[in-house]
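In structure tokens, one chain follows: the form predicted alone.
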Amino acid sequence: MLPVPADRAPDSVNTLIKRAQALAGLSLGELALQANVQVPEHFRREKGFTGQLLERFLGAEAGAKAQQDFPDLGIELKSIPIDPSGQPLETTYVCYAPLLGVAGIDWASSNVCNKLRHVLWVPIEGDRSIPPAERRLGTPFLWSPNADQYAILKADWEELMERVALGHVDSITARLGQALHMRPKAADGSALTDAIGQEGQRIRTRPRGFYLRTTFTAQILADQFG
């Protein structure tokens, strides 16, 4: 019997894990049928479909809010498309980057730290030769950064946010950051938001998001699955 979308948030980590494990091996098409939704023919314009579908079956509550997907459990949900050898196929979006009012933010109180403190990873087949509806979910697992990973993420975040605070947001490129990088996050180049300029004035620039590099998530997968 196939699982059905959850009617409430999980009341424990154990409940969440059981729900996630029940999805392993199933295709997006099978889950979409249970949820009465249509799987897109491609994900170029609907990259969030997989995550939204998982949220329905797992009972996630946060949506687009600046908190974990399961705030009562302190757990964030992240799907990760992988190739046949188990390597991640794309960077992992974490959250939007604040570009104003950043003076009082430190790493420990940042949304990035909050999101990555405890993550439920759900691998999914991402090979483009597989139609989206036929792509199957892998074995889910819980992860928290170890001491080395935590230090790397913290250093990357601090370097990037220092540039934002000093008004150099437009000098930030995707090459900065060992594990965490920042790049534009918008539907198209016409979307603009306020940021701090070099003279402390407000400027208009493209919204930015934080992303985990594939080299970082590949190591997470290797540590879990060998």
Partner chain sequence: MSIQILPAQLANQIAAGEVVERPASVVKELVENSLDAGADQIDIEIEKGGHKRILIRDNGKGIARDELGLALSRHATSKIGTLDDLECIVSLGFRGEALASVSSVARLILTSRPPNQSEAWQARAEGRDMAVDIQPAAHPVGTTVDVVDLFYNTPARRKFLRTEKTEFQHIDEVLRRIALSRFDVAFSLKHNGKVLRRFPRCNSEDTRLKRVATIAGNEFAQQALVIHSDYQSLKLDGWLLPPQLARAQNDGQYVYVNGRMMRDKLIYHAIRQAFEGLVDEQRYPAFVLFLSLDADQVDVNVHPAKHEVRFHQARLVHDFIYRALDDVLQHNLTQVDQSAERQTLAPAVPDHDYISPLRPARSDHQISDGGSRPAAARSGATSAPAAGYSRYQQLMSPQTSADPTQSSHYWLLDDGMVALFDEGQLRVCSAQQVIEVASRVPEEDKAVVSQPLLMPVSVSADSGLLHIAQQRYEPLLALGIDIGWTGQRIMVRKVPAGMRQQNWADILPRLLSENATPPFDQAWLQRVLHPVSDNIDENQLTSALKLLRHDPEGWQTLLQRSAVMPVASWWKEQHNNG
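Positions refer to the first chain, counted from 1. A quick note: this is a predicted structure, and the numbers were derived from the prediction, not measured.
Missing here is the form predicted together with its partner chain; even so, the following discussion is about that form.
**Q** For Val37, is any heavy atom within 4.5 Å of its partner chain in the model of the complex, or not?
**A** No, Val37 is distant from the partner.
**Q** Report whether the minimum heavy atom distance between Gln201 and its partner chain in the model of the complex is within 4.5 Å.
**A** Although its partner chain is absent here, Gln201 would touch it in the model of the complex, with heavy atoms inside 4.5 Å.
**Q** Under a 4.5 Å heavy atom criterion, is Leu2 part of the interface with its partner chain in the model of the complex?
**A** Contact check for Leu2: yes, within 4.5 Å of its partner chain in the model of the complex.
**Q** Within a 4.5 Å heavy atom cut-off, is Gln21 in contact with its partner chain in the model of the complex?
**A** Contact check for Gln21: yes, within 4.5 Å of its partner chain in the model of the complex.
**Q** In the model of the complex, does each residue in the set Gln68, Asp72 and Ala103 place a non-hydrogen atom within 4.5 angstroms of its partner chain?
**A** Checked in the model of the complex: all three residues contact its partner chain.
**Q** So which residues in 120-152, when you check its partner chain in the model of the complex, have a heavy atom no farther than 4.5 Å from it?
**A** Pro123, Ile124, Glu125, Arg136, Leu137, Gly138, Thr139, Leu142, Trp143, Ser144, Pro145, Asn146, Ala147, Tyr150 sit within 4.5 Å of the partner.
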